[in-house]
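Consider the single chain below, provided in structure tokens and representing the form predicted alone.
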């Protein structure tokens, strides 16, 4: 997409008399949930289908029960909180995820679920008559422990039996086994598919996870497009040998192939990518891993992102050609597995305009921008019109213990979500 994002500055307007979130309660929810799943080594760790994830889900169940909201768990283990749901009218749905990466922060995903919960609570407490039911979803495994975004892809009907059976994490644990340990049948995820006629609209609030809003001192982002990605596990196979007796020109060194490819990444992006292209080698393993042995195999992850599907395809092709060329010249074997593929998505223009209109009414300064991170909204775009709200991340930090957003920005984003949902769902 065009990188020229639209920045709109408005004059603050009075909002007295309008329904607002209970910020003290939302703040406490953020703090309480942020203590669940703490690990002595990794910090906050609610990795999908782990004990920390279980504890976070149990806490969410309790909060729904305390609020008197209906709870439903589908075949993909997504947790749905519902208000005024009758199975007849399409719902205005909000959602995100409670799972984290190991060592993650307290807001990534979780804030969107908590804001959705607070919207349902405030509407219920105020007794506002609804034209459409409200729903908040905690999606399973958004962080991609088992590749992709399992919960929302199940809801969107994007899973197959083969994909479920083959899904595994980087340690080799299968999705089937991880869910079985919870007494769940992974194949039941196929039943989670949602009929598009049951969803009036889908909205997600999320921290930006990047520095743009924070650096520009803008309180709200309205997301126009969400990046797609492909994630590979790449293996370069050479020949392990003695590090002291094998001359440099007689080595078949798998690491040297990896090192050369790492040096080619920027060239690939410059020649085949665009302003929204990103590429990362985030995990490397050398075998046999001894200091005095030439690496016989280099296994590494390659994740590439862009908001344009054609650009993403070009980057995939260029990465494959480059790896093949390096392997051929260095007498290595090259193979890879596709761990996940997510298609870039554009949000619904009508919903974006509605959110922008509500932001202007509230007097909020906002920026239209792309998302460089993948989100459940992407999957949901296959079955619903979607919109997405960003709040700033301090210094752009995320997937770390330093992840945070100022309380006033959280409050503004939550109230913007509340107003947007009421504009869609309330009887006028």
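Please read all numbers here as calculations on a predicted model, not as lab measurements. Between two forms, the rigid core is defined as the largest C-alpha subset superposing within 1.5 Å. Positions refer to the first chain, counted from 1.
The same protein also exists as the form predicted together with another copy of the chain; that form is not shown, yet it is the one meant from here on.
Q: Using heavy atoms and a 4.5 Å limit, would one call residue 279 a contact residue for another copy of the chain in the predicted bound form?
A: Answer yes; at least one heavy atom of residue 279 falls within 4.5 Å of another copy of the chain in the predicted bound form.
Q: Does the 4.5 Å heavy atom contact test between residue 133 and another copy of the chain in the predicted bound form come out positive?
A: Outside the cut-off, so no.
Q: Is residue 88 a contact residue for another copy of the chain in the predicted bound form, using a 4.5 Å heavy atom cut-off?
A: No - in the predicted bound form, heavy atoms of residue 88 and another copy of the chain never come within 4.5 Å of each other.
Q: Taking 4.5 angstroms as the cut-off for heavy atoms, does residue 328 touch another copy of the chain in the predicted bound form?
A: Residue 328 lies outside the contact set for another copy of the chain.
Q: Can you work out which of 286, 314, 333, 176 has a heavy atom no more than 4.5 Å from another copy of the chain in the predicted bound form?
A: So the residue touching another copy of the chain in the predicted bound form, by this definition, is 286.
Q: Looking at 262, 161, 196, 349, which has any heavy atom no more than 4.5 Å from another copy of the chain in the predicted bound form?
A: Exactly one listed residue reaches within 4.5 Å, namely 262.
Q: For another copy of the chain, considered in the predicted bound form: do all three of 208, 266 and 301 come within 4.5 Å of it, counting heavy atoms only?
A: Each of the three qualifies.
Q: Tell me, please, which stretch of 196-204, 113-121, 244-252, 315-323 lies within 4.5 angstroms of another copy of the chain in the predicted bound form when heavy atoms are compared?
A: Contact-bearing stretch, as computed: 244-252.
Q: If I superpose the two forms on their rigid core, does the C-alpha of residue 138 end up displaced by 2 Å or more between the shown form and the other one?
A: Shift of 2 Å or more: no.
Q: Residue 287: with the rigid core matched between the shown form and the other one, does its Cα shift 2 Å or more?
A: After core superposition, the displacement of the residue 287 C-alpha between the shown form and the other one reaches the 2 Å mark, so yes.
Q: Is the CA-CA spacing of residue 305 and residue 146 tighter or wider in the predicted bound form than here, given a 3 Å or more change?
A: Relative to the shown form, the pair is farther apart.
Q: Which is it in the predicted bound form for the CA atoms of residue 368 and residue 266, closer or farther than here, knowing they shift by 3 Å or more?
A: Pair moves closer in the predicted bound form.
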